[in-house]
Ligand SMILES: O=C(O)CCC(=O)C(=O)O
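In structure tokens, one chain follows: the form predicted alone.
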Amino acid sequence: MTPEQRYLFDVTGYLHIKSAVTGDALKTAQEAVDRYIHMPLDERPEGFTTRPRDLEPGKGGRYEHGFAFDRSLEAMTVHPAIWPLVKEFTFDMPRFVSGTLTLEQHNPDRQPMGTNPAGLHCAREGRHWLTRYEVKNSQIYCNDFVAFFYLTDVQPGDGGLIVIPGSHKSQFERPEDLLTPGPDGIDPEPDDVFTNITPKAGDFVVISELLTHGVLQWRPKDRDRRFLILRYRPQFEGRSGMPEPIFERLSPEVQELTKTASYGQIKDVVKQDVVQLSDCS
């Protein structure tokens, strides 16, 4: 990590890394996502499903294990733009947990969320004792974080991800009435307390799961929001849960990255400053 990245992440709890993927690399990834989203259910490789399970191709929702559908998407798990963060946040002992593709479309039937506009949440709510954020020897330790990789543009006013900067360090419970619901009961009224992040295709946004975050409804009717949700934790916490059909598709480097390991063990993939994915064995 650069000193600027380290400072900004420590202060805000997130990083917006712009133009990380461009040109042919971005185009190839976008085309792979389009193939996955529109592939008929009975033609999808084993292990690729959607939430809800009966989601029709091309419809908004979560497309499971999207990162593994194509090597161009798998490469984002160790992309040079985020790889230094992945290593630092885990003290060089990372485990890749999951990579879901999300497709969000305008949904006029989205239900109000009552007193919690935008569905604000963070890891502190319900399991705070499991999630840590610390700084030691000028290095950040963050044992539960997410990298969002965007494949489409988000413009101001579109909706999408919101965060409360600095909330990853909060020692207090979030007041239930922190934000005032707007007329639709879904989005909050505009408020300086939150920031609506508007990435462009090819950008990464990395957040600590301790950061309070939520999502504004997607407003454009002629454009959707497509992004990968890449989750990481230390290799010595939790268990590997990658389904066997998905695991077998991965490169040896990412296979190793998904595995649990003892504290202090340094994986071969972590010894690389720049990871080049090789073919499956």
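Numbering starts at 1 and runs along the sequence shown. Just so we're clear, the structure is a prediction, and the values are computed from it rather than from any experiment.
Heads up, the form predicted in complex with the named molecule isn't pictured, but that's what we're talking about next.
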message = I need the one stretch from 88 to 96, 145 to 153, 72 to 80, 167 to 175 whose residues put non-hydrogen atoms within 4.5 angstroms of the named molecule in the model of the complex.
response = 145 to 153
remark   = The one option of Val215, Met242, Ile37, Leu250 with any heavy atom within 4.5 Å of the named molecule in the model of the complex is Val215
inquiry  = Exactly one residue in Leu103, Leu161, Ile186, Leu179 has a non-hydrogen atom within 4.5 Å of the named molecule in the model of the complex; which is it?
reply    = Leu161
ask   = So, in the model of the complex, is Phe227 in contact with the named molecule at a 4.5 angstroms heavy atom limit?
value = yes
message = Within 4.5 Å, heavy atoms only: does Arg231 come near the named molecule in the model of the complex?
response = yes
key: Contact flag, Arg62 vs the named molecule in the model of the complex, heavy atom cut 4.5 Å   = yes
inquiry  = Please tell me whether any heavy atom belonging to His121 falls inside 4.5 Å of a heavy atom of the named molecule, as the geometry stands in the model of the complex.
reply    = yes
